[in-house]
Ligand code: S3P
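Just one chain is shown here, as structure tokens, and it is the form predicted alone.
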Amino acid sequence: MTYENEKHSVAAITEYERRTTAMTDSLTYIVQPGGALRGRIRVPGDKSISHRSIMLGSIAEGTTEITGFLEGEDNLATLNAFRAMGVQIEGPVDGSVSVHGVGLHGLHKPAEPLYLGNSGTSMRLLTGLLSGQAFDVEMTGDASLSKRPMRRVTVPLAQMGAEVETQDNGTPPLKVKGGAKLKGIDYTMPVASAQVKSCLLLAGLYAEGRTCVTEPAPTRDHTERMLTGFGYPVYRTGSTVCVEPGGTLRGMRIDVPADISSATFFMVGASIAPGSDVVLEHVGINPTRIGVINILRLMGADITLMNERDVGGEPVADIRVRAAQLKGIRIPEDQVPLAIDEFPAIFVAAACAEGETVLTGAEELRVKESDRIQVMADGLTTLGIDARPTPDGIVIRGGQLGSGEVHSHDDHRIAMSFTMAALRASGSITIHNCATVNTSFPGFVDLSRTAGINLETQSP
């Protein structure tokens, strides 16, 4: 059967199933070797755009209708946070959500601390938005989020006049004091980060004077695009983006494209597995997010963009990927911010490539849900690959992936990356602590099976 007449989609996952899976911390994947990926695949909606659609829809005037919303744990954490602050939100039902906005100053103090689970995006962006509110609020998270650094947002927010308390080491819980008089600043980010940029722009909506953020390298620009879509002026000059207070957001319709980060796993899987031929449908190809396509093409991947179009201000395409012999490369540093979330999967591609792949300039990977450089190096080494971590990257020499047990360290992207590795392994791969896959990709197991991966799950 060819890819033209096959059709796969992500099955809806119930709230009960989602919560049950999230509580099963010891969920294990057992993936048998071999196979090929074929067919038409629709991965879930873009995680970053889903977060922002709830946030901006909540502080807009009027109703925002969202389709394609990602019903993963992280995005539901954002949705529930705004419900707790008095926003009426209907859904999600099959990816459809209605947000009845309360305006820039219509949020209310939540009755309890906002629990954001594993979502660093929720916490960092909300810290900026909540710095301009009249009420105090505390934000907490799970064990993983409670270890993640927050000074990258609290330090520049303090320069704006915000009062945010962290733990002594700069980690959550965070306590944001209401009533602060924010002032606009010109901030040059020391490290490229869309979360930091977005945090400061959201705070800038409430500040006196202009707030400008200068990036050392391009990062995803969903916040700027969506603010513009909501009718709020955004000013960009070169690498600097600015906002001013006094504008109004107006409710709108948002069709969330499929998440390129989720599509990445199948792009890599199809590239490394002989006989593979897949089409990934309706994938967002925002120029600030296509580093993975650029990097895989440099490695020799056979990737074709089809049916390119614009949906709600975001470029979208269907992506066809066929198996190819990859080669090791030195990854250009200017592509690192454009692929920062996709590197665990890219490391699997490197492990299957001829020669050596070298990554530098990616120290940000060490402070994600896990230390993704070290965790991937450990797992690849267990599977027989020469993978040597460096302070800001990794050196991987391609070879034959073997069999073994690896640990995801409760990192969803690690778990899904090693699932794809089994397509080229000589034996089965067992991946521990995979429950967090639902933070970004509900339905991953079923979709992987349908596409051609021999994947079983095991829980107590």
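Quantities reported herein were computed from a predicted structural model and do not represent experimental measurements. All residue numbers refer to positions in the sequence shown, first residue = 1.
One more form of this protein exists, namely the form predicted in complex with shikimate-3-phosphate (S3P); it is left out here, but the text below deals with it.
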For this session: Report yes if all three of Ser48, Arg52 and Ala194 come within 4.5 Å of shikimate-3-phosphate (S3P) in the predicted complex by some heavy atom, otherwise no.
Result: yes
Exercise. If we take heavy atoms and a 4.5 Å cut-off, which stretch out of 224 to 232, 130 to 138, 338 to 346, 292 to 300 is in contact with shikimate-3-phosphate (S3P) in the predicted complex?
Worked result: 338 to 346
For this session: Name the single residue among Lys327, Arg322, Lys368, His282 that comes within 4.5 Å of shikimate-3-phosphate (S3P) in the predicted complex, judging by heavy atoms.
Result: Lys368
Problem set entry | The single option of Thr211, Thr121, Ser276, Asn118 touching shikimate-3-phosphate (S3P) in the predicted complex, heavy atom within 4.5 Å | Thr121
Exercise. Relative to shikimate-3-phosphate (S3P) in the predicted complex, which residues of 437 to 460 have a heavy atom no more than 4.5 Å away?
Worked result: none
